[in-house]
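Read the single chain below, which is given as structure tokens and is the form predicted on its own.
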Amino acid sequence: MRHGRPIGPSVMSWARSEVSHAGRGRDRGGNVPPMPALLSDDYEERCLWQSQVTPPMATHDSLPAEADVVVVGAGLCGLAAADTFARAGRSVVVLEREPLCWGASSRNGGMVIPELKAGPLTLERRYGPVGRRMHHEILEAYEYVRGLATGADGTDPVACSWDEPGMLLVAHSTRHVDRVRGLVEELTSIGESAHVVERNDLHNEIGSDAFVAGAVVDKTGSVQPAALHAGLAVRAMAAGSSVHDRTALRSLERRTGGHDVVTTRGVVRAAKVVLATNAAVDRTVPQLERRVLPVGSYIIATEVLPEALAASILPTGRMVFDTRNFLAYWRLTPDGRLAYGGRRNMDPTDVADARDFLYDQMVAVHPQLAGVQVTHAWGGNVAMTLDRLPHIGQIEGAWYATGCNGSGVALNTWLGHRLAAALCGDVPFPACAELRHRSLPFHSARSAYLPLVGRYLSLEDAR
């Protein structure tokens, strides 16, 4: 017996597969549908994090006639921008289409990862000095969020269950071992703490035989994302920002010295406008909409696990994600559950379908979780860009920051802060402001071609 597992995972996985797939037909793609997830009596299609946090009240005063800055979007990026502007003495109005603390900033996995989908040396080879600066800045982004959460920045800490467990990247096939090794080589070459975990030693990191190698990266944090989001909203309003939820942008009308920001609740004349909508961008700003692809990601949360079972899954408590194109990611929550996220393909789906797929995948990876119930399932959109990098730019005189690409807790928070600081004249613009931000090809036909792209990526994952 190892890590409290009564029998080997490969046997458990095979047995569950045989039982759950018996007598079940295949879908049009030839795939066996996943076994329905085991649901608790109090199961909710609701974000676990949001169920644990009471969001602050938004500003209920009427919209002011004018402001130094209007920020569109009250996610981590928009609130960090508003906080920085307000602390610099600017009058700030934040507009949020949905209820405050509703969106992806409080729905994500809560992983604070300083990464840009490529290592520092790869970024430098591709982009030269800009690439080197981008990696330096993502490390700065990590420290910025760490400072918010711990008070290391000299302000009152945002209570959000901050921890620094590190992360484990696991190779799901031998074809991806070189990627794992390459990441470690790149990080250690610049003095970052990381190491390779060989297959024979993986049991010390993860209670699963599904992977062939791993990379541990120590500089990775975790938060309760809804608590971080709510705390940043409180902080921005305490600094003097007015935050108006349920207030949608209708249009931006450029004028001398700024914009008239037309909303569903009136017009605000602003000297500067910052668009911080990320994946929620819509046709109100078509030039930006064409450059951002919203991609759904889904998460299930189990019931609270017995300590021995939790330790059998993740003995070190690290957060995990794998090397698939449709990657899976999982972590233990502050209250002792397993949160497991990902998606199957790029077809339209709903929470129930995604939930069943994730449960099937979770138990295949961790057979010791067979019989554990799911209490929550939810989804949200990730903002993807063509080059998988963040971008800052201008559209008709309005500034924007976008492109979290699945790593937005550190990145988007810092981008909002740094863009605001740059617009106040205190610091240079981030390196990503120097990148060309290309539109997605055949954007209007994406609903037709994305499923085909998804089929190709799934085939790659299966190799």
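Only a predicted model underlies this, so the values are computations on that prediction, with no experimental measurement involved. Position 1 is the first residue in the sequence shown; the rest follow in order.
There is also a form predicted together with a small molecule; it is not shown, and the following applies to it.
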Legend entry - in the model of the complex, the one of 148, 95, 141, 362 near the small molecule [non-hydrogen atom within 4.5 angstroms]: 95
Inset, instruction - Identify, from the list 111, 226, 273, 206, the residue with a heavy atom within 4.5 Å of the small molecule in the model of the complex. - result: 111
Legend entry - Contact of residue 55 with the small molecule in the model of the complex (heavy atom, 4.5 Å): no
Legend entry - Any non-hydrogen atom of residue 409 within 4.5 angstroms of the small molecule in the model of the complex: yes
Legend entry - Non-hydrogen atom contact residue 107 with the small molecule in the model of the complex at 4.5 angstroms: yes
Inset, instruction - Indicate whether residue 162 is a 4.5 Å heavy atom neighbour of the small molecule in the model of the complex. - result: no
Inset, instruction - Could you tell me which of 399 to 407, 426 to 434, 59 to 67, 37 to 45 sits within 4.5 Å of the small molecule in the model of the complex, going by non-hydrogen atoms? - result: 399 to 407
